[in-house]
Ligand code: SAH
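Form predicted alone, single chain, as structure tokens, below.
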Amino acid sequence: MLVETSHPGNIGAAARAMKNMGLSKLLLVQPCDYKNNECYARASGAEDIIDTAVVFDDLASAVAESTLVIGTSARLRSLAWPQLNPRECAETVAVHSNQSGTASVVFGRERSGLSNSELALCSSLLHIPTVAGFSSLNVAAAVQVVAYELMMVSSSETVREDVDELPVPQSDMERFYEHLFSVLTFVGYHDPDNPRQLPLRMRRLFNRAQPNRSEMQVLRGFLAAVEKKRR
């Protein structure tokens, strides 16, 4: 998934990288006007991926049905997020796919990457290591690295299958966060006018836990019981 890509050639090159590694589903969030000669030339045989790419108005809509969202970033954030390298990312996606989940790997803008609010929608942060003092991967090159690792893991027989519960779609997680902070505000623990880092810390906690659907029912039931008791 590419967010606000500004150069058509990068979209074409990303499609080419995907097709070389057996990937075909490209999602775009507010892309530039990309269906032009430069894009198709850089796709170099992956025109079908360009033609079938799905465009969204915002990242929240694009990942609504995803049960695992991994965001890429060249820089680490002040509030540490669960972090993966490309191989760990591929292994995580493979395990998730074996659980009938839908995984999305999100690549940000060429100049500024993903915003903090967009990373808040992600369960983990993918960081591609580079030599000290220089970190300037082209977005299509980053897609190539991750796509290669995904192909290598998918062809391996060592993928773990350790969970049999269905994961929770991102849209359900967003509804849970709305419910959670409504209750935390209701009981006086959360001040919406002065939240500090509580929302990000709570997201980090549940991103790390990755509750499945039955566990989410328990959490939502608990929140509902708190609301009922307080009333």
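Just so it is clear, the model here is predicted, and its values are computed rather than measured. The first residue of the sequence shown is number 1, and the count goes up from there.
The form predicted in complex with S-adenosyl-L-homocysteine is left out here; the points below concern that form.
When S-adenosyl-L-homocysteine is considered in the predicted complex, Thr130 lines it closely, a heavy atom lying within 4.5 Å.
Contact check for Gly113: a non-hydrogen atom falls within 4.5 Å of S-adenosyl-L-homocysteine in the predicted complex.
In the predicted complex, none of the heavy atoms of Arg87 sits within 4.5 Å of a heavy atom of S-adenosyl-L-homocysteine.
Proximity of Leu137 to S-adenosyl-L-homocysteine in the predicted complex falls within the 4.5 Å heavy atom cutoff. When you look in the predicted complex, the only residue of Thr92, Ser73, Ser124, Gln144 with a non-hydrogen atom within 4.5 Å of S-adenosyl-L-homocysteine is Ser73.
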